[in-house]
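Let's start with one chain on its own, the form predicted alone, as structure tokens.
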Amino acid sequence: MQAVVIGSGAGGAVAARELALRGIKTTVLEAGKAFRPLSRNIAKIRALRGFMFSEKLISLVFPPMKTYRTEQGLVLIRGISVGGCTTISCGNLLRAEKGMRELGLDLTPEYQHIEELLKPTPVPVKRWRPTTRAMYAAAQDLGLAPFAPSKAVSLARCVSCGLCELGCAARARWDASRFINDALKQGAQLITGARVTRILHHSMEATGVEYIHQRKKQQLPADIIVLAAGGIGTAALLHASGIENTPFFWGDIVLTLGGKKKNADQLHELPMVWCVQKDHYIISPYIDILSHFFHRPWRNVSLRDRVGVMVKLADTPNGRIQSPRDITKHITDLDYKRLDQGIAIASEIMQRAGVKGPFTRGILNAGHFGGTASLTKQDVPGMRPAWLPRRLWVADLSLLPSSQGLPTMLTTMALSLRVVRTALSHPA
């Protein structure tokens, strides 16, 4: 049996590892290259700060991070490298489960399996900066019940550089390349720089994939095809293959409120060490590197004095994807209303903790994409939308119809593990 996995991020890496461990001949096709962190070369981007007026320029100094600004002004962030978006994450492992109960989807066994492998742990308060502690206390005083999320980070190796989203040079934070390495040890093959152009299929049965590698178009037959290219990549590839998919996507919109406190040094700690969870968003301390370097209103405050608090929103699933370069995404009045509510709470927390203004909003951005191959309640037992060709499986956030407003790395991995286990026990 031959399996092809498209993508090497959270979903693809779990799928490849599980398939290889089961003795399935597995090939992983990754459009990007091996990951190299920018955090060890942060001086380069600091030196260029005054000349970098567009977030599109980030890929010039940091190729794994790709950005796209929609006509509506929302910046979409993707990780294109071995390990996908996990390489530029904060390492949080939370069970993001919005809408799952309505679907009848319970991923508890898969969550437990991943958590046992990664052994996530919260960051001890003693590792937090004083300003972050003060904001946590302020959130407690406001009755917001802040909590410390678990992270897939080796605290013994972590140097608290605060640059998790530019890659972990200390190799303290887990990323999906480690699961890819596990698969390779079991005989799997990884082809980097392989851009998949379409899924080969006829009579509602997938037969293989077509991809371009080293400027040559190639085809690879497969008995199982696992599509885990992320919400944008998966949707674009389904569209290019003539496979009708769910029309709308969500993105977990992020907006960071920036303030100022002398020598806060928020950068010198892990991001998002505590969270407040509301019905439609979370609030968390967070240095928004993208806004610091590319948002003009943030240029009057040094990185050492900058304090940021993020609002991550479960947004309306109204985006449309034709290709990675043809995306629309509107922020609705309801989305803006909820963002304003979160920002107001963030402002109150910051002011109570001694953070001063001017309080300035950062770049509206999104980095978790899903909904474009949504499961229905009837689909859940087979873990695949009924309209997919047989032998083709989706193993990323595309399966979830609801935006989460939470870190989604653990949920992506749990979804993928359930999909692969289902594919092997009940082939489509």
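Small disclaimer: the values here were computed from a predicted structure and weren't measured. Start at 1 and count along the sequence shown; that's the residue number.
We do not show the form predicted together with a small molecule, though everything after this point is about it.
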The unique member of I80, L255, A222, I345 whose heavy atoms fall within 4.5 Å of the small molecule in the model of the complex: I80
The single option of A229, L313, V226, I180 touching the small molecule in the model of the complex, heavy atom within 4.5 Å: A229
Residue stretch of 259 to 267, 83 to 91, 122 to 130, 109 to 117 approaching the small molecule in the model of the complex, non-hydrogen atom distance within 4.5 Å: 83 to 91
R101, S284 and Q404 all contacting the small molecule in the model of the complex, non-hydrogen atom within 4.5 Å: no
Distance check, P385 to the small molecule in the model of the complex, heavy atom within 4.5 Å: no
Partner contact for I24 in the model of the complex: the small molecule, 4.5 angstroms, heavy atom: no
In the model of the complex, I6 touching the small molecule (heavy atom, 4.5 Å): yes
Close approach of L417 to the small molecule in the model of the complex, 4.5 Å, heavy atom: no
